[in-house]
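Presented below, as structure tokens, is a lone chain in the form predicted on its own.
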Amino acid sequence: MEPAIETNALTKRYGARTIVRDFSFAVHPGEVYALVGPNGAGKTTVIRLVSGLAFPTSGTVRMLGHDPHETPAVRRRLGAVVEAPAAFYPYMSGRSNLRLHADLAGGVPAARVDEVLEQVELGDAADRKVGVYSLGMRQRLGVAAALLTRPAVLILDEPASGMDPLSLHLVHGVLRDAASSGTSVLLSTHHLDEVVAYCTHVGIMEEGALIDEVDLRHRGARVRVQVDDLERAQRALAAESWARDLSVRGRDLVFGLETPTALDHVAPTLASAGVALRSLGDDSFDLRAYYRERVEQERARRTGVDGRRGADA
């Protein structure tokens, strides 16, 4: 299946400052891809580049097979809220604002406005002026506006900013439902704890670079083992087709299982390799801990490189 969003070596500079560097990733139909990273990591810039609101310095962007700058018509299949909260006329009601958006988009049935208002649970507040909406309500109205045209691609910059927990859960459900109907969803977020529940992929950014990608669909059946010889255990398990994504975490070896029944093979495989198994248990993937570890590793790597360069100079 062809990706709905794809970038290759995407780079953006403002003067001498590089905001995004060599950024390559893809989002396929039905996927929910979250960009996470510290403030200033370049998440919003990537979203602006992908949605056609900013021009890359170098590299390429493709949306549904087209460059959004060379073929601006492709953006008619895009729903987006960038640099939220979305702008609405405060003296008009939520319903009137959405009707205006629908008229500008063209081809949106009148019933669709009421449908998206109910999706984001703003039906009861639809006829109130947006000026009295809370920040979370305006955010939900922005998501509703992005959904109006049933877009093939949905791009949201911090869609959950300012939302209460119930609104947060609601929007996550709306995004998951959009993806289940085939929409490709790209968003930036700081809500790491909730990402695991509704996203399929996470891209971790640091200093404008994509330093890691996590496929959350394969984080279900995972185990953690403690052994007397990590290297030998890793070699033994790496040779087995049912073990995947092996990594060392502290003194433990963590890996995924092709199927839950593959758990029965772990102890015999290690014993055959002469490895003593000290403990075995489930591993719950902690995205926040993994994110913190990867960012710290990247900073240490970059500092080390910079330090060596300084010494060589």
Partner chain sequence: MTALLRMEIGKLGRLASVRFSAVVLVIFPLLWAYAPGIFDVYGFFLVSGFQVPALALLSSMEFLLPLLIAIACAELIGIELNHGTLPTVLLRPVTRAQWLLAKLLVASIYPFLAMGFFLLTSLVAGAAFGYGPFVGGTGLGRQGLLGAGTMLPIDAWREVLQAYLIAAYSLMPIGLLAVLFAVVLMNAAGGALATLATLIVMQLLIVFPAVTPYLLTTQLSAYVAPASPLGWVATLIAFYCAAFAAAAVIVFERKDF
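Computed from a predicted model, the values in this text were never measured in an experiment. Numbering follows the first chain given and starts at 1.
From this point on, the text means the form predicted together with its partner chain, which you will not see here.
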Answer key: of Asp215, Asp193, Glu118, Asp103, within 4.5 Å of its partner chain in the predicted bound form (heavy atoms) is Asp103
Heavy atom within 4.5 Å of its partner chain in the predicted bound form - residue from Gln226, Ser161, Thr149, Gln234: Thr149
Of 226-234, 73-81, 162-170, 185-193, which is the one stretch near its partner chain in the predicted bound form, taking non-hydrogen atoms within 4.5 angstroms as near? 73-81
Looking in the predicted bound form, any heavy atom of Phe88 within 4.5 Å of its partner chain? yes
Leu53: heavy atom within 4.5 Å of its partner chain in the predicted bound form? yes
Interface membership of Lys43, its partner chain in the predicted bound form, 4.5 Å heavy atom rule: no
Is Ala145 near its partner chain? Define near as a heavy atom within 4.5 Å, in the predicted bound form. yes
